[in-house]
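In the block that follows, a single chain appears as structure tokens, in the form predicted on its own.
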């Protein structure tokens, strides 16, 4: 088992990375100072059917007396205000007494982690929670850093808070039940880290991406540990996203999020980010900040991961993307802001990019000739 510390002073916590951790989850919670005897487990139907019983047994062995299960939809459409409100109602119904504060445990992917972490942050002005990610994407990205939110009013992640978990238990054995498409989706976020944060990681992926996709034990634990370490370092320097440092994690997300929403979530998050990274890199080249060779290497790696680099066009899709992009949370005072790669392992943010260039790169990733991988 590897352990990566997210160093945030009194809000610090470890991310435990290994295999076989779920069956020992109860003892791990106790070892890290979590002494509650009530647990409220938020999951989704698919993950709950696979892993809730094992978690329940592990918690029971550690002295948890009452364990309540609450399920939300697994898809991004389910990360909405209604499901969030329903989760808060279930918390209050299960634990109406102020003396019976539960430990909230988030067993699932990014949707469960985002919505559940938000609910834990506002219930009784905040109760402790633990992340147990069950997807590659959640393991390397969304379970770490404390950004929790729901979609609202047609805008992705617009309602949310910063709320750090007390512990992240990343059992990589749980990834074996993922579909190939979900694994590829997580690989997009891994590739993101390589492009803008670590040349060494990118070169490692160029030499052995297939090992990651095959869930090779040694490669998986090494790459996940690297990604978590990279994110932990960024978050430690800019926890509340006020200094511009944390913007690096949004590479590919400005256009990617807009496409994800505008395509009615027919894309996974990682697929949308894959296309968004291509668009952002083309924008960087157009501005003279990077070379076509960077784009070539990125496209090659994304194709090896069987990730899309373009999306089928449809009537009105371009206009929807532009409108959604203009709601991006990074934009200020009418000025856009993009995270652009300058070299493998390097980046800069660019403000007030001419909209004509932005429109051009958005159109460049919309095509009638490419379909999504299954």
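Note that this is a predicted model, so its numbers are computed, not measured. Numbering follows the first chain given and starts at 1.
Beyond the structure shown, there is the form predicted in complex with a small molecule, which is absent from this document and is the topic of what follows.
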query	finding
Heavy atom of residue 79 within 4.5 Å of the small molecule in the model of the complex	yes
Contact test in the model of the complex: residue 102 vs the small molecule, heavy atoms, 4.5 Å	no
Residue contact check: residue 142 to the small molecule in the model of the complex, 4.5 Å heavy atom	yes
Interface membership of residue 213, the small molecule in the model of the complex, 4.5 Å heavy atom rule	no
Triplet 287, 336 and 362 all within 4.5 Å of the small molecule in the model of the complex via a heavy atom	no
Sole residue of 230, 301, 258, 174 within 4.5 Å of the small molecule in the model of the complex, by heavy atom	174
Option touching the small molecule, based on a heavy atom within 4.5 Å in the model of the complex, out of 106, 170, 277, 138	138
Interface stretch in the model of the complex with the small molecule - options 278-286, 155-163, 120-128, 220-228, non-hydrogen atom within 4.5 Å	155-163
